[in-house]
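Here you get one chain, nothing else, as structure tokens; it is the form predicted alone.
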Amino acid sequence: MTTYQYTDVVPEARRPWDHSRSTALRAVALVVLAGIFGSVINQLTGLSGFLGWYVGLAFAVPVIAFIGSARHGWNMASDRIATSLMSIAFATVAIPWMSIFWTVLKNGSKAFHSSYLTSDMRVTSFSDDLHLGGLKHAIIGSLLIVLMAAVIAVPLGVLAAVYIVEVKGRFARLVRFLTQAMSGVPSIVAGLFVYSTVIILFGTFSAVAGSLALAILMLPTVARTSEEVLKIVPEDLRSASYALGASQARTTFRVVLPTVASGLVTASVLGVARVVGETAPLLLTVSYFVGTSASITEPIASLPVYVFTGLTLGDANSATRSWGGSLVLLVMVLVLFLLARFASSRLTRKR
């Protein structure tokens, strides 16, 4: 007769996806050995500096990973090699971005002072001391121009995507072709188009003209991204709405668009990010003004033109001010993406 003994001890659930301490130590040892090997390659060859060391490291990591795991069989060796190659690829992509951000932060922070964000250049030149002047006028101008461009391009882009995906009208292919063609238009061409029409017609540079040029560049990005977002809505959702007696328009605006609201917000942010740093269209349509202004019918300052103007002067203080403008522009884009992320998460939770 077999007897069974019961116990109150609950076995601990295994979590094979978690890395053990020994795995982490092996990874650290791999990186250390690869770093040493990369340093040796750096000394024995013509490679120099951080990039030379990184090239040696990138070459050494998969080799050492293979040597250290070959005794466990080909399956583990191939897994270690693939993991090392993916890690190198990630680092290769991240290093340029981190380098750009660090360079802008290091050089741009020198231009900051107590009133840098609250004063303009009305009584200050780019060559003056760095504790004078600021870029309040450029921040206000950029926000105003981009906001007007978004008001024009975002609704038109979403409507174009709705026409292509939901309506599937007679000219859907033509609209898709035009949006694809517009996405390849150089920014200076958009500026020249607005200059030859609006500027020559009205005879003055203005924020409105600049927003029209940026809207031309923003529209295809919003339309194409919104089109791909609308395509992920299941057909069953539309069919269920039609079965309940809803019209196509009601289904589109009450069912489909709310379902992908977070994706449409992302499409709008991508469109804004596409144009927020454009300089050539603004040089041809908005020009530059050294004082703070919110008039949309007159020349106005903007951050890209502020940066461009400082670089063209050539002296050290002007270049430092340009780095400061670049840093503020990066921070504005970062804040914009964080706000979009927050809005997208809120819209997703409400569904």
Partner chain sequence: MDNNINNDLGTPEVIVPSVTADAGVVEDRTQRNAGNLEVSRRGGLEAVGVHAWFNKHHALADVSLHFPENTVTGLIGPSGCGKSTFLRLLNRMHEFIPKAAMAGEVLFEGEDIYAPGVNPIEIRRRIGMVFQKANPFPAMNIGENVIAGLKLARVKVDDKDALIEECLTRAGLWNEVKDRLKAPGGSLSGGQQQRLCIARALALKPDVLLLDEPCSALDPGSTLRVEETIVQLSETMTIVMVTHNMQQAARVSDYCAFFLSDGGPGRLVEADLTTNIFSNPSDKRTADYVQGRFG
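Owing to the predicted nature of the structure, the values given are computational and were not obtained by experimental measurement. Residue numbers count along the first chain shown, from 1.
Omitted from view is the form predicted together with its partner chain, to which the following refers.
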For this session: Mark T259 yes when one of its heavy atoms lies within 4.5 Å of a heavy atom of its partner chain in the model of the complex, and no otherwise.
Result: yes
Exercise. Is there any non-hydrogen atom of D236 lying within 4.5 Å of its partner chain in the model of the complex?
Worked result: yes
Exercise. Quick one: is S241 in contact with its partner chain in the model of the complex, heavy atoms, 4.5 Å cut-off?
Worked result: yes
For this session: Tell me, yes or no, whether L147 is in contact with its partner chain in the model of the complex, where a contact means a heavy atom of each within 4.5 Å.
Result: no
Problem set entry | Within 4.5 Å of its partner chain in the model of the complex, all of S247, R250 and V255 (non-hydrogen atom) | yes
